[in-house]
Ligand code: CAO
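Form predicted alone, single chain, as structure tokens, below.
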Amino acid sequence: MSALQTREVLIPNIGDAEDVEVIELCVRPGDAVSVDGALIVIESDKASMEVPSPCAGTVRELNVALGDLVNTGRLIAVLDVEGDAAEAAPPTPPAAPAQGVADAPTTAQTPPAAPRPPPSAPATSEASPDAEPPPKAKVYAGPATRRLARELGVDLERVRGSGGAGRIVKDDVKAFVKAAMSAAKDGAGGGIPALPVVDFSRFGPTEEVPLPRVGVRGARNLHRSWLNVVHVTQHDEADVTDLDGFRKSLAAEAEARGVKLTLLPFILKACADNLRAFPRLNASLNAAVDGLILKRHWHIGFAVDTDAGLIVPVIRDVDKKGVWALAEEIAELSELARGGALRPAQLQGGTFTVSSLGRVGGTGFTPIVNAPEVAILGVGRLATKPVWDGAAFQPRAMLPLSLSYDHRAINGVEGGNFVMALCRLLGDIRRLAL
């Protein structure tokens, strides 16, 4: 019998997510775990995910608690494992910088030490939010400070740090918010008036239920996008009679492949092709809002309805994949999203988003741009309508499309032309081969 060995389990690579919260402990010290058995569940701003055990064994130590904020490389647990199991297990990811100092810089390279300002220098963290932002430079702030800034909606590029080497600490963020609130109170800012607090129980029985964590964070992201993006929505209908007939003709092949073939993979493929012709819709505004970052890759997100709210997985390189491959990936990512098992990388890097409410219904809606993207396509319910062909009305399958875009980046003519071109593609899918 092989001797027992200890094995440390660390938080795996979670991309650029920071300070993800531990929302569930799946094991306790003394519990036996199997390979890929869940140890804990963590939740970022976009989704929750299980952290699996890399090998079978017994939990010797559990090094996190509910509510802890963790990052890549943080020690989760120590396992007692058989020698053979320890050798067979894949290596754990390299540890991230030590978590003991809450405000340690998260950048890969430590900035060179800079002299502290003389004692007589004024406190820079309380600069007015209406003042010109400091020259653009790398922002030095720890995970806890960045989390606080995200929660308060503070752009760290506008905050001057009082820590060593210009590092931004929590007090700098709080001072910035205090200055912004004072400016709004004095009429120097444009504060948004709060809604009145109403005691609804005065009018009848009530019940307050908590929103899912992902739903709350998604709502904050949508609110931030709505306040910052100049939304315009362009509506149109695509005649997809021939496309839908072609899709239905593939039913037997789809069944043989074990794939459910909907219109969505065709829509994603058409969008990727159309975005090549209209590159400004596959872009992001720069921080100064005086230029566009054109993306030469086409990663398209699609909205999935889950118990926790809408989640947007991202399919990478849609332009390089066929319809069957897209259909399989849509099914796989949708299942992972509903099971709360998406990896952070599967939620990042989108350049355009499609939100389909076909099953819900409706002839059109205004989807909110998934900033920092500049456009999103809403798809309504397919309906058969009479369409005049010049001699008589013919029954045609019409698909409502609603393109919302950031008017700062895209003008109305460009938005309208994009929708018209997309309708032509969906009306004759053979154009994708041209």
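A residue's number is simply how far along the shown sequence it sits, counting from 1. Given the structure is predicted, the values throughout are model-derived calculations rather than measurements.
The protein also exists as the form predicted together with the named molecule; that form is not presented, and the subsequent description refers to it.
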query	finding
Arg338, heavy atom within 4.5 angstroms of the named molecule in the predicted bound form	yes
4.5 angstroms heavy atom contact with the named molecule in the predicted bound form for Asp242	no
Contact of Lys260 with the named molecule in the predicted bound form (heavy atom, 4.5 Å)	yes
Leu62, heavy atom within 4.5 angstroms of the named molecule in the predicted bound form	no
The unique member of Ala144, Ala179, Leu264, Val139 whose heavy atoms fall within 4.5 Å of the named molecule in the predicted bound form	Leu264
Residue (of Val323, Ala254, Leu357, Leu292) lying close to the named molecule in the predicted bound form, criterion heavy atoms within 4.5 Å	Leu357
Which of 72-80, 193-201, 349-357, 152-160 sits within 4.5 Å of the named molecule in the predicted bound form, heavy atom basis	349-357
Heavy atom of each of Asp319, Ala421 and Leu426 within 4.5 Å of the named molecule in the predicted bound form	no
Residues in 358-392 with any heavy atom within 4.5 Å of the named molecule in the predicted bound form	Gly358, Arg359, Phe365, Val379, Gly380, Arg381, Leu382
